[in-house]
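Next up is one chain by itself, shown in structure tokens, the form predicted alone.
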């Protein structure tokens, strides 16, 4: 049965996106394993958390995770149980396992959503209070709830014996989230380079602008029927800001070292994006 994925750093309206795709007849769209982004119901797919960090550390770990939790047998059973013909999983962890999914599922396709670095870091960085959407690294001094700790165990970070791993303990939350943004997007770009006919990268700003091209680009890439809600979606306002609001200012307020790190990360992602920008399969 057809199985496709959507991947991003997180903080790219993926919950909203999964709910919209779930309206297509014959499609079950999950958000991090939950059908239609409904986390009050039982998950459609086996959940992934700690495996995300393991998959980042070693491609063989990624293959093992996919073989266990995203195998053809698992996907077919979940799709049939939902009474659907096509399953789409939208998840922050898909960048680390995306290439392994495309290896194991020859007909699978992937959409990667890339948000600009500064706005992602501002959205993902929490300095105080409980983060109900803990995608990014919190301030190292912030007390964490048990939920935040659990989710944090699966968040990717530099290998401990690497140069950046050695610096990690001294990095601010801003620096850590710049790193997270860079590495996640490099994973998306690497998957596109390996599977150029099966991976498309789309800019988050297009959904913010309620662009029809964003939605039709997803439908075309994933071989989905036209999205019936597209006209309604284009007139719908959605908030992608956390309830606590941004807790850090714009990059102009950051330290010189943080601004330099952001500029380096952006340059690296832009360089790798290159001529592939805007490519849709």
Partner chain sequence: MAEDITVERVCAIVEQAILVAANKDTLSAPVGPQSRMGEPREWDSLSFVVVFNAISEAFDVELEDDDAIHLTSIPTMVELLQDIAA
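Positions refer to the first chain, counted from 1. Keep in mind the model is a prediction, meaning the values are calculated, not measured.
From this point on, the text means the form predicted in complex with its partner chain, which you will not see here.
For the residues 216, 223, 57, 255, the 4.5 Å heavy atom test against its partner chain in the model of the complex is passed only by 57. Contact with its partner chain in the model of the complex, judged by any heavy atom within 4.5 Å, is made by just one of 205, 149, 194, 80: 149.
Contact between residue 32 and its partner chain in the model of the complex is not found at the 4.5 Å heavy atom cutoff. In the model of the complex, its partner chain lies farther than 4.5 Å from every heavy atom of residue 38. Its partner chain is not drawn, but in the model of the complex it has no heavy atom within 4.5 Å of residue 67. Using a 4.5 angstroms threshold between heavy atoms, residue 157 counts as touching its partner chain in the model of the complex. Stretch-level contact analysis of 101-109, 140-148, 86-94, 194-202 against its partner chain in the model of the complex, using heavy atoms and a 4.5 Å limit, identifies 140-148. Counting a residue when any of its non-hydrogen atoms is within 4.5 Å of its partner chain in the model of the complex, the hits in 20-54 run 50, 51, 54.
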